[in-house]
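One chain is shown next in structure tokens, namely the form predicted on its own.
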């Protein structure tokens, strides 16, 4: 089966068993792989309304058709589950080598269900599948766990692991690999911890079949030379995502002090030039032609990163202008197994609640000493950390401050203020997993581009189209930083599979995948009532910079949302109509 291994490995941790099943080829054709195919399997297999931390939830590790081939920037692994932080569908991706090792071991995906009686890890080596005792790794950070398992199974194995945060089922615990790569958002690490699964180690020695290997090599090489190594993409190597600090500061959307401001006085200390000054090396994922990763050493701390989302949400948003402190916060989160976006967001919220006298958490904006204690306290569930581990939405429900609880559907905001990018507000509100910049990133066209960021005109269509594009791209599992067209994706996929694939086919697949994610959430009780933004965005003007005096007025937002529903063929409650479902083959 060109592009696919045709096999799914199913692990039942309760029974301590594994079985190999055939991949559903019809689903692979309709949902491509990665994100889309993982959502399809979860939708079909998961009973509605289950507790995300219950044994009945499933954790799906899934590759894409390009994984393990010569196609550049195709080395990430998708992870799909129901989110314990939001209750929504949840898909994440993680870089490194795990996806390629799994595909080479002969599997398109691993579906993990049940719960082990004691801490365990999986060892997968081609046809050899073992559930092994992980007692010696209990309580270890991700770094020590990975090093221990590589000692046991070889440096050429790949390890996915959780830290203490995952073991303690913190709602925004992540899964780590290669020390500094994370599947970060929504609590995938908590789901892994709920199953008493400490790690997955994998090594494969096989290959991947292409329908026409020579043609695929030719097409992939041309795409690499003419479409990847261009000025449009090479910023990923020269600067990486820290370059967005300057862009966000200039355009007035850099989150500062829990989104109270869109500019940060100390931005010069955390911008790309400052990161480059302490950079020691570069790194990319398997098959990467960009190498966006920055290894940095600031003071006594070293990390691969920090990415823009960490520099903004765990930096300026917390009033922290010390790059050394942000690097250390990043390192702690990586080792403990915490999403830096949610960790930074909930810290900033606690800082504002303290300064406004709503509830005294004992931490204020710019307090580096207490800021650096937060990751350890959250992971352990101690003191202040026990409260912050609940996340922003839960804290607001307990203590108040809901108007400036910067979250959607329970997921904390990433690093873009919608008051300076109105399409970004719509993208946050309608993303399946909650406030998310990976479902669509209209800020590139608005705040950083040529479109007027302060109008709703054309934004519903822009967000819809970007959501379809990313859904297809992340199902093929191609890197977000490669700005390639549907046409290029289709040409490579056609060469791999040996049949005609058009740009329209991929766009339709993206729409199908996005609508299936919506159906999952509707089944879990979500509706248009959840497609909303915090009141701060609607009513509190930004005070400085290019966005001074700007809000995203609620009436404009609601109008934009109604336009979006109409363009999608959804009703007023956000439910896809029967005609749309028939067109997409979802009924």
Partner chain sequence: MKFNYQPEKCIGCHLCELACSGHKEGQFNPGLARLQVISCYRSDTLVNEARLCDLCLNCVEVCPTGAILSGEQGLTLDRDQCTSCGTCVEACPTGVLRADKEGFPLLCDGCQGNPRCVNWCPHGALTAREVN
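Positions refer to the first chain, counted from 1. All figures in this text were calculated on a predicted structure; none of them were measured in a lab.
Another form exists, predicted together with its partner chain; not displayed. Remarks below refer to it.
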| property | result |
| --- | --- |
| Residue (of 129, 179, 456, 353) lying close to its partner chain in the predicted bound form, criterion heavy atoms within 4.5 Å | 179 |
| Of 460, 484, 501, 290, the one that lies within 4.5 Å of its partner chain in the predicted bound form (heavy atoms) | 290 |
| Residue 285 within 4.5 Å of its partner chain in the predicted bound form, heavy atoms | yes |
| Proximity of residue 216 to its partner chain in the predicted bound form, heavy atoms at 4.5 Å | yes |
| 4.5 angstroms heavy atom contact with its partner chain in the predicted bound form for residue 369 | no |
| Close approach of residue 38 to its partner chain in the predicted bound form, 4.5 Å, heavy atom | no |
| Interface segment, criterion being heavy atoms within 4.5 Å of its partner chain in the predicted bound form, picked from 179 to 187, 511 to 519, 421 to 429, 83 to 91 | 179 to 187 |
| Those residues of 186 to 215 which, in the predicted bound form, come within 4.5 Å of its partner chain by heavy atom | 205, 206, 207, 208, 209, 210, 213 |
